[in-house]
Every structure is written in structure tokens, then in C-alpha cells.
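Only one chain is given next, in C-alpha cells, and it is the form predicted alone.
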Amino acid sequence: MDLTPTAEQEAIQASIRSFLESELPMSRVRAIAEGAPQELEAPWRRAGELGFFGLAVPSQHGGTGYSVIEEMLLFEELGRALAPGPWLGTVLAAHALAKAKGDREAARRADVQAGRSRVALIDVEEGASGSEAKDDRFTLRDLVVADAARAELLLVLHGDAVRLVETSAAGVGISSGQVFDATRPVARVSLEAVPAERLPASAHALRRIGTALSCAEAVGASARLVELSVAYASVREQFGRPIGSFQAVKHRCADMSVRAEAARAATIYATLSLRDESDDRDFQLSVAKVLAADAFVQNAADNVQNHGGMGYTWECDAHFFVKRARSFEAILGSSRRHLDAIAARLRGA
């Protein structure tokens, strides 16, 4: 299994990075976090025009026709840019709608892929307290959901069922929650006998894709944190010398780089296993999640340390990465849950 990207994949990643550096620089990310969500409108629409939301959707269904590997590259760059918005839910919705039949489904698919409809992701275990599916109605009570207040649709993974809900439908309650990561604000969501469109997709398959893509996002952010620390250590002076010349800072940056590269290798391998439908794909995805979460959380903390006193200030961007790292750890299964899955696999080997 070749982990090296092809020349075409490198070109795709470079193009995505150039787009995000132009459309979502950290100054715009900060503006969105500080209360200007409209700043995301133009970049989101352009991303739709470029086909970002349908990268792995077959061309006969309006997508670009690539694979989950190219989507992984997209999410690595999104993580590097700390991009706000419900990217994961929207991309997974494009997957879920790819095989749906009917004029309404085709219209929804076109809107999602074009960036006209943003989709927040809700993942709930079947039989969870407060959840109930009856006929074409769905009930779900008091869940905390990222980006729900800024989405037109909700993609609900419930057991192995996949449902799509309009946020404007009767019975949908969305209220602002306490903001931790301002680049990805959460809301409390309740659904009371809401009309829910059942899609011909597997929630388990979507969870696998979502885990791989979210790991790639964490990998991109972890690598970006290495760049930020090295850049700062190269110009910040103490005792007449750049702090990067001191052994303690060198070692910390080296450890950050090793973590990021280990997480990247595990994520690439897991994504390839997913693409090839390998028997051990769930195991590899759990390994990637654990390594990506550790790299992101630790690198975010070390980046604050490398920036010294200013690393704790609002003016420094370091805190945005700390908050995103903590929120990532809970997406599609915590590290503890994935460690349990790894242990169960090893015990059964």
C-alpha cells in the first residue's frame, strides 16, 4: 500500500491550500469567531463552485468523481486553515444523497454540493435516551450540535439509519449553547416528531468516512501548529538569541513534528484501508483517531508554551487551536472509546 500522494493529488492539495489562504486567512477566521458569521458566506459559496463538497461523489450524480483520499487532502487543508463551518456534515450529506432517487433528492443533492445548503451533523446511537423513530417522524431531545444554528439541514445518524431534517421544519428547536470554540459554535437541538427523510445510505459507512476526514482535519491543524511554533521561535529573542536556539524549545518542536507525522501516516493508512474496504479498516480508523487526537491536543498545548506569555492572550491565535483540539476529541467517538475498540481487537487476535 503506497502512502505517497500522486502528482495529481499533490496538485489538488496545493490548489486547495491556495484557495483557503486567499479566502479563509486567519484574519477572516478570527472575524467569524468574533461575531461576523456572514464572512463565511462568500468562501463557502466559492468552495461549492469548485466542487469541494462533492469531491468523492460520482460524476453522474453531479460530483467531481474522486475518492475519499482526495477528500482527506481537503480536510487536512481545512484543519490547517482552522476553517469554520459545518464542512464535515455537508460533505457526509453529499455522500448520503449520492444514491438517493427522486426529484426532491436530486434538488437537495445539487444544493448541498453547490454550497447553497449547509448541513450540521448529529450522531446518536440507536436507543439513546430521548430518541425515537416512528414512521417518517423523528424525535430527539436536547443534544449539543456544532454549527446547527448556521445550517439549513441536519444530517442525523441514528443506529445505521440516515435521516435528513430541515432546520426550518415544525418541531425543530435550536437554541444557542455556551460557546467554547467560537469558530465552531454549538447549539442545543431538539426534534419533536419532525418529518425526517430517510436516505438510502448506511450510517456506519458515513461514520467511517467522517472519522477519517475529521482525523485528517486534526492532522492538518497539528502540522500547522508546528509551523507556527517554529516561525515564532525563529524570531522571538531572549538573552540576545532566538529562543529556537535553546535546547528545550528545539526538543518541544521536534516532539510536535513527530506527533503530527505519526498521526498523518496513521490517517493516510486508515483512509486507504477505508477506500479499499480492508477487513481491518475499523481498527485502523481507531488507531488514527487516537493518534490524531493526541497530536492535536498536545501540539496545541505546546504551541501555547512555545509562545510564552503572549500564547495565553486573546490577540494570539494559539487559543483557537486549543479549543478546536478539545472539540475534535469528542467527534464521532472519544479517544477512550476508540482505545477500547483497539483493546478489544487485540484481545481477540
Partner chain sequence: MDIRFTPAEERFRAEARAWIEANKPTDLPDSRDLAVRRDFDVAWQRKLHDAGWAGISWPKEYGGRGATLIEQLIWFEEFARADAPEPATLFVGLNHGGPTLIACGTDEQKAEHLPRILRGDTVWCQGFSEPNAGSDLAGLQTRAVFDGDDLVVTGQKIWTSFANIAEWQELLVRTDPEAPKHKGITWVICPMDAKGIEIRPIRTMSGHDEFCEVFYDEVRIPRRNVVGRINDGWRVAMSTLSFERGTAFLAHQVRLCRMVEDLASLARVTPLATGAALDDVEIARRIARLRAEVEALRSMTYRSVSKTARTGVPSAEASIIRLFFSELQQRVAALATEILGVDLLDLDPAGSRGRSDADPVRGEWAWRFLAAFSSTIAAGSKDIQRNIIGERVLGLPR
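Since we're looking at a predicted model, the values are computed, not measured. Positions refer to the first chain, counted from 1.
The same protein also has a form predicted in complex with its partner chain, omitted here; what follows describes it.
A.B. asks: With a 4.5 Å heavy atom cut-off, would you call Gly309 a contact of its partner chain in the model of the complex?
C.D. replies: Yes.
A.B. asks: Should Phe283 be classed as touching its partner chain in the model of the complex when contacts are defined as heavy atoms within 4.5 Å?
C.D. replies: Yes, Phe283 is a contact residue.
A.B. asks: Check Thr139 for me: does it contact its partner chain in the model of the complex (non-hydrogen atoms, 4.5 angstroms)?
C.D. replies: Looking in the model of the complex, residue contacts with its partner chain do not include Thr139, since no heavy atom lies within 4.5 Å.
A.B. asks: At the 4.5 Å heavy atom threshold, is Arg118 in contact with its partner chain in the model of the complex?
C.D. replies: Answer no; every heavy atom of Arg118 is more than 4.5 Å from its partner chain in the model of the complex.
A.B. asks: Can you pick the stretch from 70-78, 197-205, 105-113, 162-170 whose heavy atoms fall within 4.5 Å of its partner chain in the model of the complex?
C.D. replies: That would be 70-78.
A.B. asks: Is it true that Ser18, Ala100 and Ser190, all three, sit within 4.5 Å of its partner chain in the model of the complex, judged by heavy atoms?
C.D. replies: No, the whole trio is out of contact, none within 4.5 Å by any heavy atom.
A.B. asks: Ok, Leu157, Leu272, Leu88, Ile174: which has a heavy atom sitting within 4.5 Å of its partner chain in the model of the complex?
C.D. replies: The option sitting close enough to the partner is Leu272.
A.B. asks: So which of Ala262, Ala133, Ala149, Val124 gets a non-hydrogen atom within 4.5 Å of its partner chain in the model of the complex?
C.D. replies: The option sitting close enough to the partner is Ala262.
A.B. asks: Check each residue of 245-263 against its partner chain in the model of the complex and list those with a heavy atom within 4.5 Å, in sequence order.
C.D. replies: Contacting residues: Ser245, Gln247, Ala248, Val249, Lys250, His251, Arg252, Cys253, Ala254, Asp255, Ser257, Val258, Glu261, Ala262.
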